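A single chain, nothing else alongside it, follows as structure tokens in the form predicted alone.
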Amino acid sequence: MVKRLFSFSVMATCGMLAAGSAAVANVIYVTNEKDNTVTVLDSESLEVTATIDVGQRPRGITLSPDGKELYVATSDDDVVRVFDTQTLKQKHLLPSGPDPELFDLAPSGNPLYIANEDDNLVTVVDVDSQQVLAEIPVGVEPEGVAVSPDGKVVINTSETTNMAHFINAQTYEIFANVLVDQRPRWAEFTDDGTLLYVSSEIGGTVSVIDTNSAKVIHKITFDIPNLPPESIQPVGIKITHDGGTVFVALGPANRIAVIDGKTFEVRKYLLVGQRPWHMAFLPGQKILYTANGNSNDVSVIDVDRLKVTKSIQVGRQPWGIVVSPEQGEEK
């Protein structure tokens, strides 16, 4: 366990941290895998307001439902770090097991489910007591984690086993294994919980799974003119609240695919920065942000117009991204 203290440097002053102001913008947090930092952005000015030193190889990132705590998986430190979003100071560490990459909180904000790639486990941690509740054996190289909207089911994707594992959140037992294409990286539920989308990076597809039957009902494929198929590597997924539009980050293709959530057809490809990994909506879903690992920037997408409007430089190898919720709104 790394015991050294981490500092933060404020890069610009904008009153972002002032509590109780109705005019305060949303805050965007981006993990920079190579710099060992999190970049903090103001959603209105789109300026960098702070850079936080967070430990070695930060990847997965999320917020508590009230937006007061920021969780960062520092994969090479083998811990999850918890930060106060008002002060940007580290509060404490959570035990995570080795090499935590991605995680997800239960809708209530507790517990936290963490994928441990090196040990083939999902670690369940009580964020209040800071104790491990369970270690769930899963497939080889677990990565993606998603909790169903009702909190009853946890999904883990195993990159080498090529499966999405359905885990009972009360018994911690796997009750279904769904075979998908090669190297599944991310899982995302629709808001109503009826569908699960799983991206397969090397397989080049997104599997659409009916959660009632735990069966694949459709596979989404991608075809971009003048790009070889091996350059199209689906990773992050975001879905609008009504399930009508699905966004998929296509990695080395440098594009975000826009998919019709009813027909599962690709509507459009949006050119963003180099190697988009993960994405996050601004509350209200009018804006989508992408973390672009090779161009060291964040692309800003106007969701209504399906147009990229801006690029913001952040740290080196941005990987994960999350946006603070509106007051009283859960993420």
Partner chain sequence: MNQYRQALILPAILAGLWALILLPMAQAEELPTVFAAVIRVDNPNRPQPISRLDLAPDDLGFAGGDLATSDNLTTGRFLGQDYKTLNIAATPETAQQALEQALAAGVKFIVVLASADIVLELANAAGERALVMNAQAPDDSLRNDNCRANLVHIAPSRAMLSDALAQFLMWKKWNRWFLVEGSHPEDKALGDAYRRAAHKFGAKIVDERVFTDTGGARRTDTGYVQVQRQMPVFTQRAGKYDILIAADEAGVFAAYLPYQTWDARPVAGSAGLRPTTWDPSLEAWGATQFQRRFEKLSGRYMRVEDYQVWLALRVLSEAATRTQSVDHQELLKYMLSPDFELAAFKGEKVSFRPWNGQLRQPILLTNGHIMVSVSPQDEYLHRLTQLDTLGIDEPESTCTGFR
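Positions refer to the first chain, counted from 1. Keep in mind the model is a prediction, meaning the values are calculated, not measured.
Another form exists, predicted in complex with its partner chain; not displayed. Remarks below refer to it.
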Exactly one listed stretch (241 to 249, 110 to 118, 82 to 90, 146 to 154) reaches within 4.5 angstroms of its partner chain in the predicted complex by non-hydrogen atoms, and it is 110 to 118
With the partner omitted here, the residue among L133, A214, V258, I174 that in the predicted complex has a heavy atom within 4.5 Å of its partner chain is I174
Checked N254, T74, N162, T190 for heavy atoms within 4.5 Å of its partner chain in the predicted complex; positive is N162
Practice problem: Establish, in the predicted complex, whether L271, G293 and Q317 all lie within 4.5 Å of its partner chain, using non-hydrogen atoms for the distance. | Solution: no
Test of understanding: in the predicted complex, would E230 fall inside 4.5 Å of its partner chain by heavy atoms? yes
inquiry  = Check P95 for me: does it contact its partner chain in the predicted complex (non-hydrogen atoms, 4.5 angstroms)?
reply    = no
*asked:* Using a 4.5 angstroms cut-off on non-hydrogen atoms, would E141 count as touching its partner chain in the predicted complex?
replied: yes
Although the partner isn't part of this model, could you tell me whether L105 comes within 4.5 Å of its partner chain in the predicted complex, counting any heavy atom of the residue?
no
Checked 165 to 195 against its partner chain in the predicted complex; residues with a heavy atom within 4.5 Å, sequence order, are H165, I174, N177, L179, V180, D181, Q182, R183
